[in-house]
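The chain below stands alone, shown as structure tokens; this is the form predicted on its own.
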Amino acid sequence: MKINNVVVIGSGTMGSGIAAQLCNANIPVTLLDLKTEISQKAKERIEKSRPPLLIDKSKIDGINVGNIADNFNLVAEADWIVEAVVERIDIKHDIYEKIFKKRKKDSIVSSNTSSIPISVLSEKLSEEDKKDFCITHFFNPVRYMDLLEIVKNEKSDLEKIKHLKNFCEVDLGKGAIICNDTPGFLGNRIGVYAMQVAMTEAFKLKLSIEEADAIFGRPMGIPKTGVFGLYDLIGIDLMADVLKSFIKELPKSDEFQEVAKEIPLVKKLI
């Protein structure tokens, strides 16, 4: 299986980052969104990004843009289709229905979801289509974050998963790990819990945002953004969706439930 052409659907932070990394690897990529103007603006953000998402700015022409109404036929030419839309099941299911009607045989389809189980994402797919579906959870910023979680389940074609892992390691320079379909996979199961504990304790101790970020940052081997800064970088609205997913999927007895409650300040900011 050779990946020579990729379509990324959703030009937000993650979709843009994935497209840029494919561009860095000289893989032709098309970035689609609801309107071409949206994906074009994303392309412009990629070119101006700080820290830079592109190794060489002259590579920017390797990213084509379009919209899902007029340019969806490009899915039929792709070896790999990456869904990176908003974390809403209904929207994702609608996109998958369109993708699997249009895609070429044996192409890989993946979601960049950070927390929704593969069993939920693929529940409306045929048994045959489920073989070619997985989760490829990149971390932001895609160029600089080494970790990539490739999530499979018992329906997945393991040979394709291995080929995809090899491509992501060799061509995209990722440290790819294959995960089973458990809540939060690996990175978020640990990382989001740690962030929620830090935020909960910060409010209990009446720390300022700056104090909390200073402590839950470099001193603990965590990026200098700290916990509130990292929340903001990921997106406070996205984090709210991630938490809802955890609350739904984890048993009531899990310790995560204790710190997953809505934080009034974050709710107000959203």
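None of these values were measured; they are calculated from a predicted model. Heads up: residue numbers just count along the shown sequence, starting at 1.
The next section is about a form of this same protein that is not shown, the form predicted together with ligand NAD.
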Whether 93, 134 and 247 all lie within 4.5 angstroms of ligand NAD in the predicted complex by heavy atom:
no
Which residue, 140, 182, 153, 71, is the contact with ligand NAD in the predicted complex, using a 4.5 Å heavy atom cutoff?
140
The one option of 84, 109, 148, 78 with any heavy atom within 4.5 Å of ligand NAD in the predicted complex is 84
Choose one stretch from 32-40, 221-229, 48-56, 201-209: the one whose residues place a heavy atom within 4.5 angstroms of ligand NAD in the predicted complex.
32-40
Even though the partner isn't displayed, in the predicted complex is residue 234 close enough to ligand NAD, meaning a heavy atom within 4.5 Å?
yes
Evaluate residue 65 for contact with ligand NAD in the predicted complex, applying a 4.5 angstroms cut-off between non-hydrogen atoms, and reply yes or no.
no
According to a 4.5 angstroms non-hydrogen atom cut-off, is residue 13 in contact with ligand NAD in the predicted complex?
yes
Hey, in the predicted complex, does residue 9 get a heavy atom within 4.5 angstroms of ligand NAD?
yes
Taking heavy atoms and a 4.5 Å limit, what residues of 43-64 are near ligand NAD in the predicted complex?
none
